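Only one chain is included here, represented as structure tokens and corresponding to the form predicted alone.
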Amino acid sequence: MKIFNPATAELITTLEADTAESLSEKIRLLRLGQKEWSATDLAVRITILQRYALLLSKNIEALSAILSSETGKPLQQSVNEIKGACARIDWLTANAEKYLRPEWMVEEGGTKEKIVYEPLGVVANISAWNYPYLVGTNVFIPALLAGNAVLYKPSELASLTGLQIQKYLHEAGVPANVFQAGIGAGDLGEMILEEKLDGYFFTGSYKTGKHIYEKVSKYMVPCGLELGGKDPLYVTDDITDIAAVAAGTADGAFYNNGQSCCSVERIYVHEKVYDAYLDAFLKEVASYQIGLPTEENVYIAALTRKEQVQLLMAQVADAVNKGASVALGGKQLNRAGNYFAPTVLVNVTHDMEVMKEESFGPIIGIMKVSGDEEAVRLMNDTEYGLTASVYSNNQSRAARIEEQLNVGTVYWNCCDRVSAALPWSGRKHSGFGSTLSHAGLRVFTRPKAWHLRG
């Protein structure tokens, strides 16, 4: 399997992909190792995974360089991602005792009652390339804390990072027969779905998630899907610091080249502040430095998938053909690698693909609205339901709007963020199930009810 640098189109290395035979052997080892791992005291598992976070921090310079080389993201953003993963591990390990230990519900009287949280067994984590440390941490850390063994398939576009994750988990003390990385492309993913495991957890596109769900439903085991989004943001007319709002919302749309399931993908602006906001937004985006991931102060680097360039060009062409105007960018950059200019489209409508289908790139449509009612209607006009943001000086007003939005996460005066303390979940085509928070720890368990009399 060839690994290319998306910023230069150069070959980095070649990896040996797993076969059906090697995959079966890894699963056999995981089934043997899981029993001993689940019998290991939770405090020991916590200490091991805390050690893993320390190893990531200690080796962050080398790890971020590898991450940037295969995904194309700016080096500082790779550093930020690894630091963010360590922070999530800190929260998950600090709270594992609270949410995974047996829980007494009734301790008085003739019959006592408790809940015991048992591991699922051997689970598959089919992960994503856009934030391999973060989205992986959401799944394999709580799964391991809960006593599961994990078959981890990194995206073929982040395989080198996946191997580093495996290396440092093993070095931290996670046994080799408790965590195994499977290296390969879509054909390996299909082979994993043919294996009857005890749970399947996927991060990626709606199309692939739907396929996985349909394929493994026959096993009657848990399936968690963290899928895409077409995340809306609304700027009300009562904001005062327009420049700050424009800068913050532009970052929400273009950070990591817009390659995030919770990136802002469409913006609605009250007509009273539309012109001022658009002017400030365009100035902010025009200031972004474009270049190689390793260059200093670069904010926009290469897209990870070269196919995404064609998708973005098609969305621009569709929008322009239907009456939109390109206020900024709108084209592929003439340089080696997968580069697309930061793009802002105006005069957009919901007849256009850019306002309906996930873009996953440095492109945004900005639409003028007459007020809150129209904004709510348009924000809900989507098959997705991951996040939504409202910028307003009035918290009560923002809350009234957000109560009407069918999404798993809402933001007031912020966007494009995830907290380990809060559940990360989608609705509709954005998936189902939760990661993070107490819900994301217990999702990797099977609760058993104990009735004790005597």
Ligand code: NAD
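All values reported here derive from a predicted model rather than from experimental measurement. Each residue number is its position in the shown sequence, starting from 1.
Form predicted together with this ligand: not shown, discussed below.
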query	finding
Contact of residue 202 with this ligand in the predicted bound form (heavy atom, 4.5 Å)	yes
Close approach of residue 388 to this ligand in the predicted bound form, 4.5 Å, heavy atom	no
Exercise: residue 268 in contact with this ligand in the predicted bound form, heavy atom 4.5 Å	no
4.5 Å heavy atom contact, residue 305 and this ligand in the predicted bound form	yes
Candidate spot 101, 141 and 178, all three touching this ligand in the predicted bound form (heavy atom, 4.5 Å)	no
Option touching this ligand, based on a heavy atom within 4.5 Å in the predicted bound form, out of 135, 285, 92, 319	135
In the predicted bound form, the one of 129, 255, 277, 168 near this ligand [non-hydrogen atom within 4.5 angstroms]	129
Stretch in contact in the predicted bound form with this ligand, which is absent here, among 220 to 228, 367 to 375, 286 to 294, 74 to 82 (heavy atoms within 4.5 Å)	220 to 228
Residues of 246 to 271 having any heavy atom within 4.5 Å of this ligand in the predicted bound form, listed in sequence order	261
